[in-house]
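Single chain ahead, written as structure tokens, the form predicted alone.
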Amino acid sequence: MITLDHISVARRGRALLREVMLSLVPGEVLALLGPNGAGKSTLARVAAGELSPDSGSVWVDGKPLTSLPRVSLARRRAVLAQSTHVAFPMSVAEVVELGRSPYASLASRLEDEQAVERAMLRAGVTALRHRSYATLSGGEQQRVQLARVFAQLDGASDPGTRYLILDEPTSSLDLAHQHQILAAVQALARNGFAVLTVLHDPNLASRYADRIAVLRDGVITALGTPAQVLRPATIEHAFGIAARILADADGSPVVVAGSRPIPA
């Protein structure tokens, strides 16, 4: 379990996170919702160990995150940032294979190749394997980067839970691929992964997340199951817009946003 204990982050006099307490639990998808600038990406970076908090601490399975060797952490925790730049000409398969770098001294060539194949299949990019990454659309590149992080956590040899931290993984994807990717992520959680994902669409969070944390101005204002969190008052407070909540066929909440923001 990754635990964020009283995390605060400020930059240029502005509080990005304020006394945040949150746990990422094996076997679940935890979605972060909130308006732009709420602190979602900052929280994800702190949980990943990419950003040190000004105060508070991050624990991984009972140990300080800062005490874990970088290579060991890379075998257990993979991160998809909002955007990833590839500086050199590479094929899709080569980009996905970058995820195998933490296993340079552990996995055989065959094991790496099999992990890459599984990752590309999971992300739906197998047919693109020989394409140049630079020629792909934004959505295709997003799925290739998702395959890379899937490959990074395939067959992790270090003991403990594997953690997947995704910052807006559906931002460049069409509707079908949004559901394909989040279904794949949900399946990993069912196999014992712990997943933290930043999303903008509350209905995607409702369908695929086990818990939702809503951030506003660096503070978690709501935390719980989709049914507990996705309520009109919560949506109004977080986003400043009226909303109705309907029920899907399976009983999960569906957010229908109003056409006009609520006056401040």
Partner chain sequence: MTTVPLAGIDGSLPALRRGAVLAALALALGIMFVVAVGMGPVPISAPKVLAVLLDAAGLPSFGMIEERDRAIIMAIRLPRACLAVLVGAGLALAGALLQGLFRNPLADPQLIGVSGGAAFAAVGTIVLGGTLLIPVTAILGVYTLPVAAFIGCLTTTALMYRLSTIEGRTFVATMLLSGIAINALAMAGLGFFIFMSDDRQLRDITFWMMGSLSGATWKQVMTVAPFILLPCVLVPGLARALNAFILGERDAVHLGFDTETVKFAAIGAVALAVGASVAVSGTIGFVGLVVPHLIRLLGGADHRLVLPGSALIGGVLLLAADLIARIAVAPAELPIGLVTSALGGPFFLWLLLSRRRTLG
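Predicted, not measured: the structure shown is a model, and the values here were computed from it. Residue numbers count along the first chain shown, from 1.
There is another form of this protein, the form predicted in complex with its partner chain, and it is not shown here; the text below is about that form.
Taking the partner from elsewhere, residue 166 is found to have every heavy atom lying beyond 4.5 Å of its partner chain in the model of the complex.
Remark: residue 188 does not count among the residues lining its partner chain in the model of the complex, judged by a heavy atom distance of 4.5 Å or less. Residue contact check for residue 54: none of its heavy atoms lie within 4.5 Å of its partner chain in the model of the complex.
The closest non-hydrogen atom of residue 95 lies within 4.5 Å of its partner chain in the model of the complex.
The contact residue chosen from 183, 175, 71, 121 relative to its partner chain in the model of the complex is 71, the criterion being a non-hydrogen atom within 4.5 angstroms. Along 91 to 111, residues 91, 93, 94, 95, 97, 98, 99, 101, 102, 104, 109 each place a heavy atom within 4.5 Å of its partner chain in the model of the complex.
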